[in-house]
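Listed next as structure tokens: two forms of one protein chain, kept apart as structure 1 and structure 2.
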Structure 1
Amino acid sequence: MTAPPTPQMPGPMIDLRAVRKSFGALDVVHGIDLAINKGEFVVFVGPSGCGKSTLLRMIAGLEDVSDGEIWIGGRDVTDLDPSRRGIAMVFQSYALYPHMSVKDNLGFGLKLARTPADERDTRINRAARMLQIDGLLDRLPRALSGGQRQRVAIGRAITRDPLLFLFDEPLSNLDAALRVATRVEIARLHESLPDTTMIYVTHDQTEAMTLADRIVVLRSGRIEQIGAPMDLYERPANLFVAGFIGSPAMNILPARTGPEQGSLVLADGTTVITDAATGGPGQDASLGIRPEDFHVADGTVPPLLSGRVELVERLGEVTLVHVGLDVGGTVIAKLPGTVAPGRGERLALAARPGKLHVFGSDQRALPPARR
């Protein structure tokens, strides 16, 4: 049952204030502070066990908060029942009633709330048109595909006209093609409901990058970085975010800072010049290069790295080339699909200007040097 509309108070739609969650002596969420604005689509992303679903369930009221406060629409809802928070939640399991038609599944929550029949029909038809399931209203769930069932589950949430949508890995049970199609439907849903705030949990960074206005990267119950998708991609705050955002992951090479500002010395003594403020010489550091920022050295600029091809993955549009480096270790270069060096062939790689990432001994990104 959806709570009656609450007058919107100044400030964010969602405000998490030092939210903690413990299961006995085990702390799983450590003092999360997060503000989400009205109409934003925010994605919680991170590896399994990072606390993203637990955090979502606390916002929904399905998990108690061990400490801190949760505010929705200007109200403190920390101790409020889920039915009174003005939310709708979509889970990875469809949870449809198998004996009910699509129409009855869509309207079940409204019927429980004693919504008048004419308003109920209006909301059902609106949601069905929005999700392109208006031709399926008389079918039973067993007559639907997995993607259609998930759209019915989303439609059931839409009919409640909530302040807040919560999605808990809604695409994880779908095959690859259906995941892409349903992801597009969720993106269209966000565009068609610009005033409705949405929080989406996933471990899939591709979903996060394509859907989010902002991404919240979580690890071990703490926020590692918050930002727009391309901000996280282009300016990761630390090694964890650098390795999590992007596919394939960023290549990371051990190094030490050189005598000149911005210089790094690799394992074989090769000096690399970057834009980073590296500080004094001799400090541990890491050099990060995304696979897509490599290109085959053509003689116009000196190669950055050289080695022998260990594996070639031809994907059509692109080719992933695994190169065993002379300096030790292996990197992956994402090259045009027309490029396919042979296994064992020597390959010299250059990097695109301004695309080198440098991380200090604390694994945090070093800022650009002042010029």
Structure 2
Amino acid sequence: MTAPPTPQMPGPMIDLRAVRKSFGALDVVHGIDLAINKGEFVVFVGPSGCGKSTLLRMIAGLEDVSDGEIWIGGRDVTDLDPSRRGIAMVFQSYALYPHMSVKDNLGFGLKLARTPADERDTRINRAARMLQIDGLLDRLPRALSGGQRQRVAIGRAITRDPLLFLFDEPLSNLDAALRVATRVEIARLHESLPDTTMIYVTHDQTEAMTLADRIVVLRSGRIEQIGAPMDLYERPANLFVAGFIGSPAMNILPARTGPEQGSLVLADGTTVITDAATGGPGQDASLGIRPEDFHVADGTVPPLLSGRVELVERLGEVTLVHVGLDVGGTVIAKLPGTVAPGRGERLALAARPGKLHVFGSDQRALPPARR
């Protein structure tokens, strides 16, 4: 056993340097560079098969690194066995030891590290109280509910007092209500352990938005964008991130750049003025508008888009209106719950120019023009 890494080292807690992973001829992770600071809560998010779990498993040491280096706490751990990395991990399937009581599950890592029995008990009890499983210590995992099992799995990670905490889709096996409750608990856990770095993998953008200090959006083994949740929401770097963050997804309309800076021409010739630096005219572009940025044009501002209502979903506090546009295509507008247009009715929608997102022919967001 080596000594655990010292927390007082300079530089980032985790440093991924050009990390690659290939299975045979198939590259699943293409040269990822990423630095994560001590105490940060970073969420890897992306559709299935984007390499987020593989990346997490490489950090844990459960997957070999094909190329590049992984540094944890100032040590190169690229070829280090998972048992010697000083990390703790929570698995989607809980992965409790079925033949051990809750107490033994919580204490297994400490026992392996030859922690004295009295300190072991102290730590087990502290973690159990924190997660409100102190009444279940003598039970076997099969006598627990799904939510309780997930708490034990989290507790098993807490007792070891790791520098780095890894979560691999920990909420996917829970039902909707429990998922929300456990999500809140994980957020509290992060607050109560300010020195512990956490990496969390999910495909659920709500979990990513609510938990993360920083979100890393991955697609096909590449980082699409890194940023604080609201950064990604307000300034998506490309069409993929724009479509992935936010629900319902951002509406995307094909367009061409117009003759004036910031102007876009839609399919039917309608001109839309945006804040973006659109460059020269006649280039392919996309116009993006979030459903919640639409409002009903009331005559004081010129309408941006108009069309016929195809479907109305009333959710109570908001109404989702699907509008078949005159320019072609359908958009979803998230309007106040009091608005309830009838199906087939004509509707004119407006949005502030500052809320319009413009993406160039390379699918990247165009920066705002200087005024």
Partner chain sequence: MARRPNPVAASSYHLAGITLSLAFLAPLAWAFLSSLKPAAEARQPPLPPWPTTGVTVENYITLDGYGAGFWSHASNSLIVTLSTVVLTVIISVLAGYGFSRFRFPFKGVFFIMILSTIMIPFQSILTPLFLILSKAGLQNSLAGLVMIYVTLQLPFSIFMMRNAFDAVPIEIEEAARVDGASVLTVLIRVMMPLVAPGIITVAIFAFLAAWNEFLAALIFLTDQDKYTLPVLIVAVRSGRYGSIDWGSVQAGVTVMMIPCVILFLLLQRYYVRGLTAGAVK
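All residue numbers here follow the sequence of structure 1, with the first residue given the number 1. Here, rigid core means the biggest group of C-alpha atoms that superpose within 1.5 Å across both forms. Not measured: the values here are computed from a predicted model.
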The form predicted in complex with its partner chain? Structure 2
Compare the position of the CA of L112 between structure 1 and structure 2 after a rigid core fit and state whether the shift reaches 2 Å.
-> yes
Is it true that A228 shifts between structure 1 and structure 2 by 2 Å or more at the Cα, once the core is aligned?
-> no
C-alpha of I133 off by 2 Å or more between structure 1 and structure 2 on rigid core = yes
Could you check how much the CA of R142 shifts between structure 1 and structure 2 after a rigid core fit, in angstrom?
-> 4.0
